[in-house]
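There is one chain below, alone, in structure tokens, taken in the form predicted on its own.
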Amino acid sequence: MTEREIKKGIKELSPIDVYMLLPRTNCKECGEANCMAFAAKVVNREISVEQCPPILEKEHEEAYGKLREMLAPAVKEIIIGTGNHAAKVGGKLVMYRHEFTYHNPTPIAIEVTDEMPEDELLDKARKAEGFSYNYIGREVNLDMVAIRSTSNDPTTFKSAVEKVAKATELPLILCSFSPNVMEAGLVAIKDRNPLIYAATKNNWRDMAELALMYNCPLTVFAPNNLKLLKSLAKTMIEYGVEDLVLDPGTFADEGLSDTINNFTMVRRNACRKGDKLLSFPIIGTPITAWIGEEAPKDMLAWKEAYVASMLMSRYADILIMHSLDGWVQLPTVIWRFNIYTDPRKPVAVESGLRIFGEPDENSPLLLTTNYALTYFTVESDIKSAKLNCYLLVVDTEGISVESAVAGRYLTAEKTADAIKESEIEQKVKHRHLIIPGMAARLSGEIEDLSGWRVLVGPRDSSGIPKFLSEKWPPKEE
């Protein structure tokens, strides 16, 4: 069956589908102008259907049930952990990011073992929780801790789980194929809603009992065997376990192509064929790059990093990793950030006037757009040079300078309005505006509309310090 034939069998959801099930009273209790506007936002996942108070009334119970079913994602959303640190995994609506957008960024769990010395165990858990990096104005972090039993001893595992639970509030994954070991860990953190890893064809009944007893999500593990994976998922559902995570197996070496293919086929069957037995989050374990290998640590960490990025690109909803090195995790979390940004909405910062250092009435005024990557690059170059200046950030709907000029998102009219709204004329006595080199063609129009003289600055913000040292203050004509 071709991709086109598969798509034809799946009806795309439209606002009218939602509208027809709403009360259609246009009561505006949801905050929207009418029910059709509300339906459009529901379809775009900008608001939830529960924000319509009338649909929650008993007389609309059947319609509400149909809406819930209609709006259910192709991949079920599972919650791991509790409170503010709880992680939502899965919940994907589409197979490809360009079709809509991805929800619930892939949590990255850092692995510790129950045979680690206590100091090392606690230090790694705390470092995982403390990992943070500011990327174009957003904080990127690690999300979970996976506690793996290498001792296969219930007492040892329970002790390690208790220690980690006290050291961090991050959601936990308990890793053991032994039901006895797993139960010891669950007893220690029965109120933390950890993910159980994992049920196999050999231990599925005992693991299912534990999942039901402690009301925890459960991983089903069938390496490189999708038929068995599906069979286990079916068995678990019939047994009463509803919150499942699927592990098709991660092979970091010769089996990597099979791994990617298996992940893709699981997600394809869920999103394109509506296979309910495979409509669950997928877990990837790049940590396998470290198992059974005799190679330099840097090589193993590098392998783990590229496997993690590949799996994230191919639908992994959770990752378990070993390395905490910044050069391993930074590319991974930044790649995650980029994958999970909404492709329909450029990443933007707030427009307006920014002040750097201690500028006075003679300090320069520069201009840039509100595209986040552009803004933070300019900000970094200004701060690195310790400049005292003003920066006017124009709202271009999150578009970079060159594209904004070409697409008429950055115009002389917008610039003149931004100058006026910023009230910069009350802060400086000169009337000189420095614009990016890529916006040079706007200089004449800006001068005509704003009354300010325009200086065309460097094409790259790294040249701002040199430009100012040579051209500021400007010579009066």
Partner chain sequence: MNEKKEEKKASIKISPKLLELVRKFQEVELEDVDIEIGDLEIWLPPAVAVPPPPEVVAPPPPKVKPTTIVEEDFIPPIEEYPGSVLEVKLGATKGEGGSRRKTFMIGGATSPAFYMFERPPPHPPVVTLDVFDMKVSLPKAIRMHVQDVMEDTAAWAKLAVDKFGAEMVTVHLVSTDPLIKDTSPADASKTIEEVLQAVDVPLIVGGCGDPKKDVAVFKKVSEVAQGERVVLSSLTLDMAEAGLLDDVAKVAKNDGHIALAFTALDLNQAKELNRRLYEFLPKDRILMDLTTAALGYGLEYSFTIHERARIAALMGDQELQHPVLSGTTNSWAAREAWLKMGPEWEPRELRGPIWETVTALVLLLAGVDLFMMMHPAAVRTMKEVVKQLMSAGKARPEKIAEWVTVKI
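As the structure is a computational prediction, the values presented were derived from the model and not from experiment. The term rigid core refers to the most C-alpha atoms you can superpose between the two forms while keeping them within 1.5 Å. Positions refer to the first chain, counted from 1.
FYI, the form predicted together with the partner chain isn't displayed, but the following is about it.
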{"query": "Options 274-282, 183-191, 78-86, 351-359; stretch whose heavy atom lies within 4.5 Å of the partner chain in the predicted bound form", "finding": "274-282"}
{"query": "In the predicted bound form, Ser400 touching the partner chain (heavy atom, 4.5 Å)", "finding": "yes"}
{"query": "Close approach of Met265 to the partner chain in the predicted bound form, 4.5 Å, heavy atom", "finding": "yes"}
{"query": "Proximity of Arg408 to the partner chain in the predicted bound form, heavy atoms at 4.5 Å", "finding": "yes"}
{"query": "Non-hydrogen atom contact Asp395 with the partner chain in the predicted bound form at 4.5 angstroms", "finding": "no"}
{"query": "Selected contact from Val161, Leu367, Leu218, Ala252, since only one has a non-hydrogen atom within 4.5 angstroms of the partner chain in the predicted bound form", "finding": "Ala252"}
{"query": "Sole residue of Asn261, Asn388, Asn141, Thr156 within 4.5 Å of the partner chain in the predicted bound form, by heavy atom", "finding": "Asn261"}
{"query": "Candidate site Ala412, Lys427 and Leu468: all three near the partner chain in the predicted bound form by heavy atom within 4.5 Å", "finding": "no"}
{"query": "Partner contacts for 318-344, taking the partner chain in the predicted bound form and a 4.5 Å heavy atom cut-off", "finding": "Ile320, His322, Asp325, Gly326, Trp327, Leu330, Pro331, Ile334, Trp335, Asn338, Ile339, Thr341, Pro343, Arg344"}
{"query": "Is_shifted Lys383 between the shown form and the other one (CA, 2 Å cut-off, rigid core)", "finding": "yes"}
{"query": "Residue shift check between the shown form and the other one, rigid core fit, Arg441 Cα at least 2 Å", "finding": "yes"}
{"query": "Rigid core superposition, Asn370 Cα moves 2 angstroms or more between the shown form and the other one", "finding": "yes"}
{"query": "Cα distance between Arg408 and His98, which in the predicted bound form differs by 3 Å or more from this form, closer or farther", "finding": "farther"}
{"query": "Closer or farther: C-alpha pair Asp460/Asn134 in the predicted bound form, relative to this form, given a change of 3 Å or more", "finding": "closer"}
